[in-house]
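Shown below, as structure tokens, is a lone chain in the form predicted on its own; questions about how it binds or moves come after it.
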């Protein structure tokens, strides 16, 4: 295959050996990595090297209590047992609800779904299906209007009552900076472009779909990121899933964080490259895989890997955790590999001026070979981008399936991105970019399958819309509720949400934590941490 070799030059020159300087090991307390950079000290043990960080960095997760984990497995076991019992009753026409039975005209066909997928949908997912896909009929801002619906057949079908639930506090949309709105500067600019260019382009960028607005957007994105060049795509998911196969292929190795998004996982699988998984944010696990890859090479032939590509995210949306980017970059340089950074959730919402996790840690954008992000969160629009060296972008323009075959971005959407990005950069005449606050994802563990549906329903009763996530999107014992904070939220909204979440937590007995908040007096900021109590 010649594609991997050509992509190698597109990714840039060979990464330099580890030239990062760092301090001797800083003290660790309550998860904090401490230490100041020293100009002459060499990196030896990357995992505990506090000198890589220009600011304190804290990340700690609490393990699921044993009792809760056991009860969760028992809960899924009971649901599975009753599922098989209900299937048996359906077969003999004892079960009243027959929606799960295949239609007569389908019985001679090969089943469309795998057996377990079909079983899971029938007997587990349908019990709590009403907590997902709730239709809204307003702008997805700080508050939304939601269409009320009811089901009379155990969530197989829904009927709309005609009633609209007004003023639901929106804790589920990725509207981090509040640009998803139907008035203001962005709306006026998009409306003007809509009247000039229309709604759609009806062609790919390589044909008749390359507008001057697309060129303007890509130059602005490159300037915003601090890279040589950038390219915009019409879909964030496809930005990952279609570009990774263009960069690596057979004979290459992908090292992927175990909690990477499905788009990264799909792109890695489609590439044909070998895939190894390292533990989430665990630099020891990543370094071990890198060492093994260098020492042993490819299986059977033992030839060196053509390329080694590390896949990480800036912010992991299911956990709310931030990548340990300084350590990843140090490892990348040490073992001469490439780094692909997905900043879908961090761009615009992290860093003093919203330039993502690279700025948050005070790093050089040139140290990240492929910078990916989306316009669907902080910018209130749609699509994604790739940023990096000019050679990389020129290569992707002719080899990426998303660039060659996909319809280009809609002009009003492009204008929404341009206007919001200029607002963040302070180029619109306002001071919005100077007062950016990090707006991130917070999660709360629900564990038990029955509590997913109960939590979503109880919160909606209190006029708060939240997202619940469960298996198979998360590990079976780690179902959770996800709360997305937005700059559009007022203090009163957040106080109301916290009050109702606290009440529902007591009602459903969700307060599993055995830790208590303890402020530390020696912290440089106003952070708090968790310390384990003896009880």
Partner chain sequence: MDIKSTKNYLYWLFCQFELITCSYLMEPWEKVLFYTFNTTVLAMVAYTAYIFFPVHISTAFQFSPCPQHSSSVYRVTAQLCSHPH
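Keep in mind the model is a prediction, meaning the values are calculated, not measured. Numbering follows the first chain given and starts at 1.
Below, we turn to the form predicted in complex with the partner chain, even though it does not appear here.
Contact with the partner chain, judged by heavy atoms within 4.5 Å in the predicted bound form, is confined among 269 to 277, 285 to 293, 119 to 127, 299 to 307 to 119 to 127. Exactly one listed residue, out of 422, 261, 451, 445, brings a non-hydrogen atom to within 4.5 Å of the partner chain in the predicted bound form: 451. The partner is absent here, but in the predicted bound form a heavy atom of 154, alone among 158, 154, 132, 197, sits within 4.5 Å of the partner chain. Although the partner is absent from this view, residue 509 contacts the partner chain in the predicted bound form, with a non-hydrogen atom inside 4.5 angstroms. When the partner chain is considered in the predicted bound form, residue 178 lies well away from it, no heavy atom lying within 4.5 Å. Taking the partner from the other structure, the partner chain in the predicted bound form has no heavy atom within 4.5 Å of any heavy atom of residue 191. At the 4.5 Å threshold, heavy atoms of residue 78 reach the partner chain in the predicted bound form. In sequence order, 82, 85, 86, 89 are the residues of 82 to 98 having a heavy atom within 4.5 Å of the partner chain in the predicted bound form; the partner itself is omitted from this view.
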